[in-house]
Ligand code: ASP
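Before any questions on how it binds or moves, here is one chain, the form predicted alone, in structure tokens.
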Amino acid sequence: MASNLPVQTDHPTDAGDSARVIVVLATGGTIAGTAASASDHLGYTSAQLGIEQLLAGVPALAGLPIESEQVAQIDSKDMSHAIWQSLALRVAHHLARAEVRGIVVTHGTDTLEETAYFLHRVLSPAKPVVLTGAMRPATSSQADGPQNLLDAVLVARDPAATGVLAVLAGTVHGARHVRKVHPTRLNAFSSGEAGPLALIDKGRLVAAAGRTALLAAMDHTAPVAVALTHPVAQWPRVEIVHSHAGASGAVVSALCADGMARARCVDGLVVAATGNGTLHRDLEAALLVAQSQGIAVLRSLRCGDGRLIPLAGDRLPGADDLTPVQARIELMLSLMPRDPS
């Protein structure tokens, strides 16, 4: 369902600025999915339509200076490190072009938050990089992709927008805080306690309460640019384990043994912890052994919101407010050699 909303914002661009190019990079996902029936919102096949078809389905984008490129065509559950690197390289290439105002990335929702965080950490861009997707396939009678795509372009054109953002269901999220919190509903994403950066109301961008600008609202650490060139096969191997009732150290031991058997030792482990970073004693014992053997360990929270508050006596470092999947990316990047040679 295409929208005819005008593209306008609370921060209007001047005539020269409005002519700057928006580049749309496509990776597949539900937004490009199709089903046999317009009433089928779940039994669809992802990544069937190309980006030109998606753009053609949004008449309100006609006439705007938009370029498009198909970087990948996958269901985002199958996102890979190789595609991450390829996507980041294409984003970096277009961001370096003076005539480009911003980037939009169409993406499946299952791993959108991971890709957003990865792009933030390896690029930390000054121009906006806006990820969007859909919870309904393009053939659905309730297709949300066209409106989300229109909104993403609206944000990418706004002079106040910067950094990596996610735009879905009329809401703008920063890459550090965006989370998929529901498997099927249209408003499936949240920024938790941090709250969204802005809302899109009747084609206008409205900063959320307390926000004076559409900033990415994340840390300003230097980007880990080595991920753009370091061979993907040599990226550190980081796995995620969970603490739970009855947890043991068997999974940790198996991962370490697997690494030794394959001569590709696990380099790091993220543990999704209970409470404020607490761990079952048997699992903690195994993680402490792994840490003593040189394997990096990082605790994150499994509850999906809040931040891990460090306490005196902690024997394993914490990941602050990062989710387990974000903590995995952070640990992987931290272990990546800064000199790829």
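Keep in mind that what you see is a predicted model, and the values were worked out from it rather than measured. Quick note: we count residues from 1 along the sequence shown, nothing fancier.
Although it is not shown, the form predicted together with the ligand is what the next lines describe.
Out of the listed residues T115, N148, S76, S140, S76 is the one that sits within 4.5 Å of the ligand in the predicted bound form by at least one heavy atom.
Proximity to the ligand in the predicted bound form, taken as a non-hydrogen atom within 4.5 angstroms, holds for one residue of G108, G102, P196, G163, which is G108. When contacts are judged by a 4.5 Å heavy atom cut-off, V167 does not count as touching the ligand in the predicted bound form.
Contact between T30 and the ligand in the predicted bound form is found at the 4.5 Å heavy atom cutoff. The closest non-hydrogen atom of S300 lies beyond 4.5 Å of the ligand in the predicted bound form.
Taking the partner from the other structure, the ligand in the predicted bound form has a heavy atom within 4.5 Å of a heavy atom of A134. Residues placing heavy atoms within 4.5 Å of the ligand in the predicted bound form fall in a single listed stretch, namely 44-52, out of 273-281, 304-312, 289-297, 44-52.
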